[in-house]
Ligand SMILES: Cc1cc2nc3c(=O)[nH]c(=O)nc-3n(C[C@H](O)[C@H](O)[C@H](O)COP(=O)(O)OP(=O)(O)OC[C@H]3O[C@@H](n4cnc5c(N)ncnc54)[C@H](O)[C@@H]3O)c2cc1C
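Single chain ahead, written as structure tokens, the form predicted alone.
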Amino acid sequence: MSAVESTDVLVIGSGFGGAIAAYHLAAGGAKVVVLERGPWVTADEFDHDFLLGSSYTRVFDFVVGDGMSILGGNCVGGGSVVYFATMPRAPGFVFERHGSIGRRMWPAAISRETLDPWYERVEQALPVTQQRWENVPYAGGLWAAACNHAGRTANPAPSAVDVDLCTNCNWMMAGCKFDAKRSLLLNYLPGALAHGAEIRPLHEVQHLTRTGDGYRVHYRIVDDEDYRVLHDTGAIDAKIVIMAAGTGATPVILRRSEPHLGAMPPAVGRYFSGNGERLNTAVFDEDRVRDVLGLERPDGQAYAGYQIGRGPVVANWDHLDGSLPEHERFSLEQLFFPPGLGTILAQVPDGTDPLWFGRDKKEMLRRWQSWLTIFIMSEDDNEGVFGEPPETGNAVRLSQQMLGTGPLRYEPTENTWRGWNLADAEIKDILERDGLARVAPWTNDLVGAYTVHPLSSCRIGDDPATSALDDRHELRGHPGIFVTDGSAVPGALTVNPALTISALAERAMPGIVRAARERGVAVRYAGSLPEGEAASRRPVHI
């Protein structure tokens, strides 16, 4: 172990919650160090390849739990490097949800109205812009036409993609080599560096201990090629610690720290939400697409454009209606899910048993360009619970990169299944109408449910029994530790959560700066945003 270093603020993780905290605290004058478990990969290193060692396996993490698997980023920039950059604000009814908690899930201080100014700041900083119909790729147009044919509505979604730079290559999950996707590598993180913050990749935090006036953060160096191999240990003292390691890692680090820090709030590692996510795959009849919808590409094909595009661009929000009962509200987005899991878990339509292999699956794969994947985001019951932490990290790593098993247990309740079943039926009604397509939801039989937007394992709230954090994001009973990643979000949002996670992190910053000042850190809240395109784009309002 090297000599113990010291800093004012130690940030664990460099995704949305960590990058925003690092920027504001560094801009305000604090000495900031960011520890990131994954590598630092830049745009010129983002590959269009699935080989082991390509950016796809280096920056992407797939952790299999018991009943729920989590897919997310594992690199400097975190989830922003691998996300699809669809950035809607959460509907107002989300903030009034009760779910399985038995009371309003969100703190009384937070509503859609009080969060709107913070949404606007993030929309300026990334920036987020409203996509236009003339820029929607083929898959989005097909989804919109099918919705219209079935009497539903469809909407181009707000997005953090510069469409003037986008080539519609659909390699967003491997990192954007064209800098079209506005990841944190282009705004908050360079802004933090410009103000003196230090970012250290391949530093995996193991646990925290107390010091006289703050905390000591203990880490291990991760091998750059084989993430199963850990090298030297080290420690850094800090007066303020920002936990932003991600929903699947933050509660694991805190639970592992419990013997050193004392009892954790009971909600640490409980009330996990998968954001009610589920996928359906439709296989279209190209002739029916032409005859029923009247669609045709310049090359004469009706569709056959599954691989062309840039993630979700068109959404159906007909069921984001606050007058509907809880667990019956959901959004439906069209997206492209790349090969690998996308081809293994997609099931053959009309099969009576899970059909993720065999002759019929082979025929389905032959027609893969005629696929359309529909992404459900609904309201689950916060039924996930983390078990005992692994010896190191957040998972037992099974392969050199990408794959591991984690301590999350998730058994969907009847409420969660009600939302999924209603959404499945809605997709089927839209896409199978007049023989357009055949549709089937992905199987849960291999890896359980799956989410790319894990939330709520260290919730903010007003009730100490069900929330690990107060409404300022401070960990109950452990002053000076704050959590600003997706684990702080109280529950499922029914839409993509990156903008809400970011808005909550922005909202938390003035309070965290005050806490730092109370501990003797010379820092102020400047309220600025990272320089760059922020001032040249108008924010979007939905």
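Remember, it's a predicted structure, so these values are computed and weren't measured experimentally. In this text, residue numbers run from 1 along the sequence as written.
The form predicted together with the ligand is left out here; the points below concern that form.
Taking the partner from elsewhere, Ala26 is found to have every heavy atom lying beyond 4.5 Å of the ligand in the model of the complex. Although the partner is absent here, His473 sits far enough away that none of its heavy atoms falls within 4.5 Å of the ligand in the model of the complex. The closest heavy atom approach of Phe284 to the ligand in the model of the complex falls outside 4.5 Å. Mapping the unseen interface onto this chain, Phe62 falls outside it, with no heavy atom inside 4.5 Å of the ligand in the model of the complex. Residues of just one listed stretch (288-296, 358-366, 439-447, 70-78) have heavy atoms within 4.5 Å of the ligand in the model of the complex: 70-78. Contact annotation for the candidate site: Asp8, Lys239 and Ile460 all lie away from the ligand in the model of the complex (no heavy atom within 4.5 Å). The single contact residue among Val452, Val314, Leu320, Val94, judged by any heavy atom lying within 4.5 Å of the ligand in the model of the complex, is Val452.
Of the residues Ile101, Leu115, Ala180, Ala85, just one reaches the ligand in the model of the complex with a heavy atom at 4.5 Å or closer; this is Ala85. Heavy atoms closer than or equal to 4.5 Å to the ligand in the model of the complex belong, across 473-501, to the residues Asp485, Gly486, Asn496, Pro497, Ala498, Leu499, Ile501, ordered by sequence position.
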